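A lone chain, given as structure tokens: the form predicted on its own.
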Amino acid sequence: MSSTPLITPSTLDAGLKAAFAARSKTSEAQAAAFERFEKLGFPNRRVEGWKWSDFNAVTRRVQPANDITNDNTVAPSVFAGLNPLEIQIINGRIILPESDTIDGIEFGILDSVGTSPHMEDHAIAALNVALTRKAFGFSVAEGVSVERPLLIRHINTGSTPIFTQTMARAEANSRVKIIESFEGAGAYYSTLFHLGVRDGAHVERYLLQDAGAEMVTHGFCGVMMGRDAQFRQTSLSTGGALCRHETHMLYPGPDGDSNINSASLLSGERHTDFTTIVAHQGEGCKTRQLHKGVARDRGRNIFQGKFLVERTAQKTDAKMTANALLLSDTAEANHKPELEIYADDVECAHGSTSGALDDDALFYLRQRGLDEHGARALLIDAFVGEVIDGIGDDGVREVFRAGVAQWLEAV
């Protein structure tokens, strides 16, 4: 990566163009991707799907963090107690474990890849394809059940925009747990995650975003589901200047099953956006989605979810729920759940609510000996707990609970 700070109000576009032009080698796919980005530009509020997350405006007003240091020493991960296979991506540099391996998993550093068809019109995905030099890749062998989690730590410590990619494949009838964390106080981080879940495979993906208040983050995860494949994803975000996590799923075959759950805990002027598009093409697929957003001060919680059910996707069972808890008059929650259905033999539903803490519940807890802070924290913890309690791994669940408890200390 270039070490020239790029995020400034006057030089962002020029800096990105210069960074691309300075590369000694680019593929045709990368050149085409950068051309698409130049035509599309950074998304702004006039673009449907970005009206609550004006990426164009935020990237120009964010203040650069400290310059990147060459010291790659980082603190231990909050997931270290789970004995994961840890991969660090520090300021764009992929650091693999020197001797640690897991039987059944092959991993390494690969050339970055072109975009998938469903990313063609996505400006930030195109920019990522154009500027990512190398990607981290791994595959889980057919029929292998991996007990140790694989941990990918995305760490940005400076003012240079960072672009990374991960390419992953779980072969037929395999099982694996993937943890991703976003850390540091850097300026801008963009990731693409390409995930193939083959027939009968089971993948759990956990995402923890707890970076600096000025961080601009965009994560794009594209998931391709095989027949009878299972996918479980749980995300927890404390936000930043603008943190957007997108999940795009495709069921081309029958009988896939997924849960996509997320929670955000926002304070100050932090902003988190969870956006998902799930396309059902095969018969008999099942999707469950639950989002819980908590915001105080001037925090902004965004949720956008869309289920697309094509004519071939008969007997689809898909349900989506988004709930927001607003702890101040200046906090915001913006939800947009959508159903687009072309099949006639389906069960699909969505729901959305927002509100404040219940005064009667607070009074009830105060009458039983809790102070106001304790009563509020207990109610918030119960609200978010529906997402956290759904985590299948005991160790990951405890780490997420600890993150919630830390945030609640300041409520």
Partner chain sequence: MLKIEDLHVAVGGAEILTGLTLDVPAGEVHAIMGPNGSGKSTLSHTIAGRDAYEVRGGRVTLDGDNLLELDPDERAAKGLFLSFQHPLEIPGVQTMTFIRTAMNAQRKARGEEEISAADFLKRVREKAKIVGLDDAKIKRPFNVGFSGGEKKRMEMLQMTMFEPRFAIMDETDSGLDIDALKMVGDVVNELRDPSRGFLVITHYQRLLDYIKPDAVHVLAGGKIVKSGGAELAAELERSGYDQFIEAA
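Treat the numbers as computed from the prediction; the structure is a model and nothing was measured. Positions refer to the first chain, counted from 1.
The form predicted together with the partner chain is left out here; the points below concern that form.
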Which of 339-347, 34-42, 49-57, 355-363 sits within 4.5 Å of the partner chain in the predicted bound form, heavy atom basis: 355-363
Non-hydrogen atom contact G369 with the partner chain in the predicted bound form at 4.5 angstroms: yes
The partner chain contact at L378 in the predicted bound form, heavy atom, 4.5 Å: yes
